[in-house]
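Take a look at this one chain, the form predicted alone, written out in structure tokens.
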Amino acid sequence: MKLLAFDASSPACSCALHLDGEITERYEIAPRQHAALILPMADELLTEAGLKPIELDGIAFGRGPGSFTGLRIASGVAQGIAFAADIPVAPISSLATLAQAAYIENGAKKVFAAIDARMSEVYWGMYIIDKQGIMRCEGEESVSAPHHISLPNVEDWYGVGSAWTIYADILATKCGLSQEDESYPQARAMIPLALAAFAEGQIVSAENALPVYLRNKVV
């Protein structure tokens, strides 16, 4: 499958191309520069592969939670490319992408992903790897104060995400985790999730490629 994926939900901006089982990626930590970076990244990857957007089978983008501005940028780019090329879109959770990367890079099979949500809150979710090597959410993704979070059966959980930088002590105490990894979502790790979404029909049309903020009120 020829699939282009990108994420702008955090200070990092990334784009990845899946082609014939191979993944190429552009990744840069560049706060507030996502609008200037994301399309050139995609263009570079497509040019190197000798592809045009219309030759893609689909698009995947980080739907959130995360930076409101970044999510809107990613959603807008996904809508634009998908509409112009008449291809479907797979909206992928930023938290699930973090969990998938933890599995790929560290072999973690039970992941607690937490992203700083500001306003003294975190976006978080619990993920367990399935038999196909895909991270699946246990329960629902949530936003809450870090001291209100607790994990059932904390043994063997792996903590990942930017919230571990700001709320490391609170999360380690509340969640009982001894292993934390502060990282950002990356498009490369989104590819397995996107391929699974396409295989399972969890895709949308261009106009329905919308951000998921988790907070009810977004300015």
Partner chain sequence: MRVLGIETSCDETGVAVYDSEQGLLLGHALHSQIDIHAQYGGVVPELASRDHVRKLIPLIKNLLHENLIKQSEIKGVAYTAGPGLIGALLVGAAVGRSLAWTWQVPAIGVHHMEGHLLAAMLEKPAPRFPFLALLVSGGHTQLVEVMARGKYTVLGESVDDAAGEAFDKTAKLLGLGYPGGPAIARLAERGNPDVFHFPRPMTQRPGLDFSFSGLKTSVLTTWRAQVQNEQTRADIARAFEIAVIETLAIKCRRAIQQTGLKRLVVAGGVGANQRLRTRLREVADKMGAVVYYPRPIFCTDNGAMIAYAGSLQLMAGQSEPLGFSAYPRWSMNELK
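What you see is a predicted model, and the numbers here were worked out from it, not measured in a lab. Residue numbers count along the first chain shown, from 1.
As for the form predicted in complex with its partner chain, it is not shown, yet the points below apply to it.
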I'd like to know if Lys2 sits close to its partner chain in the model of the complex, meaning any non-hydrogen atom pair within 4.5 angstroms. no
Pro31 near its partner chain in the model of the complex, any heavy atom under 4.5 Å? no
Looking in the model of the complex, any heavy atom of Glu200 within 4.5 Å of its partner chain? no
According to a 4.5 angstroms non-hydrogen atom cut-off, is Asp43 in contact with its partner chain in the model of the complex? yes
In the model of the complex, the residue from Tyr158, Tyr167, Phe68, Tyr27 that sits within 4.5 Å of its partner chain by heavy atoms: Phe68
Could you tell me which one of Ile104, Ala85, Ile129, Ile149 places a heavy atom within 4.5 Å of its partner chain in the model of the complex? Ala85
Please name which of the stretches 75-83, 104-112, 138-146, 91-99 has residues with heavy atoms lying within 4.5 Å of its partner chain in the model of the complex. 75-83
When you measure heavy atoms, are Ile38, Pro53 and Leu210 every one within 4.5 angstroms of its partner chain in the model of the complex? yes
